[in-house]
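Read the single chain below, which is given as structure tokens and is the form predicted on its own.
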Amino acid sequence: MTVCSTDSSVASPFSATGDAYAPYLTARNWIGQQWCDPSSPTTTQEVLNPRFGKSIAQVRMGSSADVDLAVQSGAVAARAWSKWPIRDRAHVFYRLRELMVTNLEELSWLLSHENGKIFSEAKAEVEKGIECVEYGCSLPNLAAGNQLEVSRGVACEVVYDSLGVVAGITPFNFPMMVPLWMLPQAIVGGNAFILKPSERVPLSTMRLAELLKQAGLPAGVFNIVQGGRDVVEALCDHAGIRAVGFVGSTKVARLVYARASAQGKRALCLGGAKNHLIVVPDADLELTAENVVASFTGCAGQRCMAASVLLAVGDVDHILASVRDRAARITPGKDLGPVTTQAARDRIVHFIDAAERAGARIVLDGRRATADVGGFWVGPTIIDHVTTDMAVAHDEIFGPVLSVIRVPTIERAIEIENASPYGNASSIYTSSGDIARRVMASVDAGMCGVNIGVPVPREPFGFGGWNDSCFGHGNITGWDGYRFWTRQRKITSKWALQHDRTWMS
């Protein structure tokens, strides 16, 4: 029997307005707009603030029984919600946008404390989430069905119908933004949505749930089930869930895609990356140095779009020196946040140690970085003279580490890029339009940049990579996202007998 609390203070606003340690509330399930304890005795996990390495909250881990309760709640809600006019559904997100703007500072501090991002990065994430909500507000105009007279007196029309109950599984590195990659399109599309946030960062979406309720979203349209692997598997297996979206590592993305697809579900699962930046001698020095550093150190390197490998074509030592000098001025705790756990720090340091033993040169060493507050720190690290057989050249590190591979030609740089099993992002730094066009036409990646190290498409353009960075068809944001969470109904109609005859007569 589920034990629910209707106490509205359960997800009350986060009180901190600075980096100083601040605890928060226990994360529980959100089902039918009530905070619910798991339906059976289960484990509790600590939610750590990575800056301090100290617990700020607990999360009560759910199970397959809680997934079933959320599906039941969502199925009832979806039947009524799907009948709302799409403009009325979108109006909820207009109100959500205003609430997010009003509460921007609070949401940013909460995200910073649970994830470890510095405040400016956390605020940028919330602002990007607001941009995703704005796209959801535009869907009534974009989703207008097409109609065409295909033969005399015969019309064909396309409308977009909801699927029913759908689910999303999101990672630790963007607790607010990634759920908002999915929610506007899925919910404006008429579905009920079940979210399984990362158990490391369940707090931001608690506040998001409360704001959606305040914005007028009916009970049961948005549900949260906390948990780990067993909840993920239950979402893949449950017959009442029609589609699953996932963002995380390639290993898990492949497993989720296979499991959900085997149950006949739609699945779109984004995985990891090993992104390459190609730098040629004619690249603008100041632009390139600033941009490369921002790419590999931003969010402590914990993002699938971060630079991992710099392919240095020819004599670019002057650019590499400027990159090193800029990165060396970054102060952990002020300009750079911690990595998420001690295990993550240990793994990153292991990669650096192994590269050094293999003969690479550590030109900037962040292994002994610390901050006065404790926590899990790795400073900006640059590894030069990396060879393609080293682990740092081909494995995803997920930390503020840049590996430099020196190559004689652009052709060799493209060859190395395209040998990677991943296909998320690739960028070229050059002042030559011809070189930029050649590289953009040749690299095997879904999101590409010219003089931009984090080539994340802005709305309405869709986010999604290729190869082992994406399992399923299309992008998870933009118009592709709306099409993923809906199904096309094709209607062919005729209202009068026509005197001339066609094959449709």
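Start at 1 with the first residue shown and count on from there. Remember, it's a predicted structure, so these values are computed and weren't measured experimentally.
Quick note: we don't show the form predicted together with a small molecule, though the next part is all about it.
In the predicted bound form, does Arg345 come within 4.5 Å of the small molecule, counting heavy atoms only? Because no heavy atom of Arg345 falls inside 4.5 Å of the small molecule in the predicted bound form, the answer is no.
Is it the case that Pro338, even though its partner is missing from this view, gets within 4.5 Å of the small molecule in the predicted bound form, heavy atoms only? Close contact is absent here: in the predicted bound form, Pro338 is far from the small molecule, nothing within 4.5 Å, heavy atoms only.
Under a 4.5 Å heavy atom criterion, is Ser249 part of the interface with the small molecule in the predicted bound form? Contact with the small molecule, yes.
Considering only heavy atoms, tell me if Lys117 and the small molecule come within 4.5 Å of each other in the predicted bound form. Heavy-atom contact with the small molecule at 4.5 Å: absent for Lys117.
Which of these stretches, 128 to 136, 324 to 332, 163 to 171, 94 to 102, has heavy atoms within 4.5 Å of the small molecule in the predicted bound form? One stretch meets the cut-off, namely 163 to 171.
Contacting member of Ser420, Ser198, Thr288, Ser73, with respect to the small molecule in the predicted bound form [4.5 Å, heavy atom]: Selected residue: Ser198.
Of Val313, Val232, Leu268, Leu183, the one that lies within 4.5 Å of the small molecule in the predicted bound form (heavy atoms): Exactly one listed residue reaches within 4.5 Å, namely Val232.
Within 4.5 Å of the small molecule in the predicted bound form - does that hold for a heavy atom of every one of Gly227, Glu396 and Ser469? Judged in the predicted bound form, Gly227, Glu396 and Ser469 all sit within 4.5 Å of the small molecule.
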